[in-house]
Each structure stands twice: as structure tokens, then as C-alpha cells.
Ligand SMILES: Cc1ncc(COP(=O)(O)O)c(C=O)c1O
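Single chain ahead, written as C-alpha cells, the form predicted on its own.
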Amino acid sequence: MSKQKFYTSLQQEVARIDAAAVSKRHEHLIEGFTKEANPKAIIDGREISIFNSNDYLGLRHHPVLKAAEHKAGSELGTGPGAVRFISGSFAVHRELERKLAQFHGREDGMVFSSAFAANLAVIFSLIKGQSKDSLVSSDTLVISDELNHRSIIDGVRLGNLSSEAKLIFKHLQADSLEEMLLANKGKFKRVVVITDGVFSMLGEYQDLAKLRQVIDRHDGAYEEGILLIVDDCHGVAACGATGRGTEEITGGRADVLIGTLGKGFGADGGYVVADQVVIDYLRESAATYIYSNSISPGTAAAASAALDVLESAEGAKLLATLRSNVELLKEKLQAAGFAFAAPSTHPIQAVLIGDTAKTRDLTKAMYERGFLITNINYPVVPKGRDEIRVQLSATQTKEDVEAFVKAMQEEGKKLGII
């Protein structure tokens, strides 16, 4: 059959990915968790310490979140039953959206099924043209950081803009953005600048204050101004004195802020917060919101409870513990002879190995020692910059971190890494 030729081409692509050692379909299956305050995962019947999770505050196992999820699920059912504009919008969804807006100091917010879905719809909706004749507007210029997340890249691609209307500024360099804004004055009515808040491969922060200064300096040169969209999925509920992420750390402010409930908040789903007019417009135009079910009522209730925990004294303590864990890990790994791929104070710490085979071997050896970590290799990172991406949690103890470093040191010596 002719389709067999198509299947053969798919098999060849899978084989190419496997040969490049970047396949992602062979996941470890978590069968359960132990009962400690910092639970270990049960994988293949073994207890494994997780050092590659985005659950930065350890909230996914928090009893308050579990109770809120159970109560809402028992009363409202396990799923929304429909998309929001039909019959799938619950009071618990709106309560969560209002709390997220208040948390970030915005007028309103909206929740999506995932942060990826949020980025796709928000970016596309805000860069497409508004005329009836075309979905694409030559009046919009989009400028993105060169290391933005795949969801941002795909959101821009959906806009189907011309190559002249899609520019990339040098990573973390506000001066590069300014050069592009200066060079395009008079060519476009509006500009949309898009960046991650935290870049997840290296735990780097975008200096939003510098970007804001550049944007404000040139905003008047464009008829409809310059809009700053920030995806801070790895920043919110992970860093900042009160967990408000990259905005809190840098002092800069986004016009449109996208976040996730599936990392530091310990639940699931994505969200966006902004001025009321932006949210009203997105509720009428964001396809992955309008035509896709939202998160379940139980998940929304758990996320709402997570916000309460984060804004309490317990939340402040969790954030402080997380910062201490980061400092301890960096100190101990450097003393053991390891180097980092980039300076970072984020709970993502990229340990530079520089050799593809040794990076994979160290990941396997650490798993045998009872630690789950992630190796990042080319083409995700440049050749010679292979890394182990360690991700910390506030529920890990000093003893947990020290045991991890001890195992890294012993296995690293065996492999000739240190």
C-alpha cells in the first residue's frame, strides 16, 4: 500500500533521532511515591530521588492542595465536561483567574489547558492582523530572544509573518533589541517583543528592567507602540523574594505575562495575566482557550490552594529553603570539581560536562545510584556544551543535596569527568 512508503519515511526519521541519541519516548515510568516529606519516586520497583523536576516548591504532594483537589473533584466532577463558552466554565476557574491577576498585580487573567497552549494562542492572537481581508498584518513586527522556548517559536510561526517582520535579538542583549527597534522605525505600526523570563536550559534570567527601558525609550516611535510579552513559566513560584519570578528579581514589568500552574505551583495548566482589554480580547480570539477544554475543577482548586500556600508564611519559608538548597548545591559541586554551564541563582543548575557520551554515562550511573537527573546534549545545546540539568526543590533537605553531590563526585571520578 502507498501509505507504507509514508510509514517507512516515519521509521527513518525515528531511526535518525535515535542515532543522534536525542530520543524522548523512552521515559521512566513512575509507579508511585514514598511517604516522606520529600517523597521518592517508585520506578521499576526502586526508590529514586528526583533531581530533575519542575516542582520547585514541592507543592504537588502538599496535603492542602490534595484536599482542595479532592473536594472540588467530589463536588464538581473529574473534568469540565465542555469548553468554557459552552458549559465548562466553573466558579473555581474564575476564582483562580482573579487570584492569579491579583498575585501579579494585573487587572485580569485567564487559564489555559497548558502553558504551551497559552503561548501559542496569546502570541498568535496578538500578532495577527485585525482586518477582515487578512489574518496577517504587515503592520506588526515581532522581535524574539534567540533562545526562546519552542512554544514561543511556534506561536510566532503561526502568525505567518514575512521574514522582514520576524526578527531575533541576541540572547539577553537589550542593546541588540534596541538596534532592531531603531532600524525599523517608520516600517511598522506596532512591535511585539517576546522573551522567556527564565531560560530553562541554563537557568538564566532575562533582565526585564533593561528590556523595559529600551522599549519605553522607543515606544513613541511606533504608531501603536511596543508590547512586551514574557513567558515566566520557570520564574513564577520558583524565584523572587515572594515567588513572583523574573519581574520581582529584575524590577521590569511585562505588558502580557504568561505562566504555568504545572511547575512551582504543583498543579497543571497555563495562564496569562494582563490589562482587562487584553484579556477580554483573548477570550474572544485565543483558539486553544475557546475550542479546548480547560483544566479540571479539581486541578483549578489545587492551583488556587497553591497560591494561598505561596502567599503564606509557609510559602516564604519554602522559597527561602529553595534558595538555600541552590547555594548549597553550587558550593558542594564546585568544591567537588564540577563547573557550571552558566552562572545562575535559579533552582535549575546546568552542570557542564562537555562530552556527549560521558554526560549520558553519568546520567545512567546516577540512576543506578538512585538519582533521577537529565542529560542535555547536542543539538539542544551547542557541541561541546553537553550538560547535566539539575533541578532542585524546597522539600529536599540538606542531607538530600549532600548525598546527591557525593554520588555525583564518586561517579564523576570514575568516568574521568573530574
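The first residue of the sequence shown is number 1, and the count goes up from there. Just so it is clear, the structure is predicted and the values come from calculations on it, not from any experiment.
As for the form predicted together with this ligand, it is not shown, yet the points below apply to it.
Only one segment in the set 294-302, 310-318, 229-237, 211-219 has residues whose heavy atoms sit within 4.5 Å of this ligand in the predicted complex; it is 229-237. With the partner omitted here, the residue from M110, A115, A274, I194 that has a non-hydrogen atom within 4.5 angstroms of this ligand in the predicted complex is A115. The partner is absent here; in the predicted complex, the one residue of T140, T260, N325, Q206 having a heavy atom within 4.5 Å of this ligand is T260.
Heavy atoms of S151 reach within 4.5 Å of this ligand in the predicted complex, making it an interface residue. With a 4.5 Å cutoff on heavy atoms, G159 does not count as touching this ligand in the predicted complex; it lies far away. In the predicted complex, no heavy atom of T246 sits within 4.5 Å of this ligand. Residue contact check for G266: none of its heavy atoms lie within 4.5 Å of this ligand in the predicted complex.
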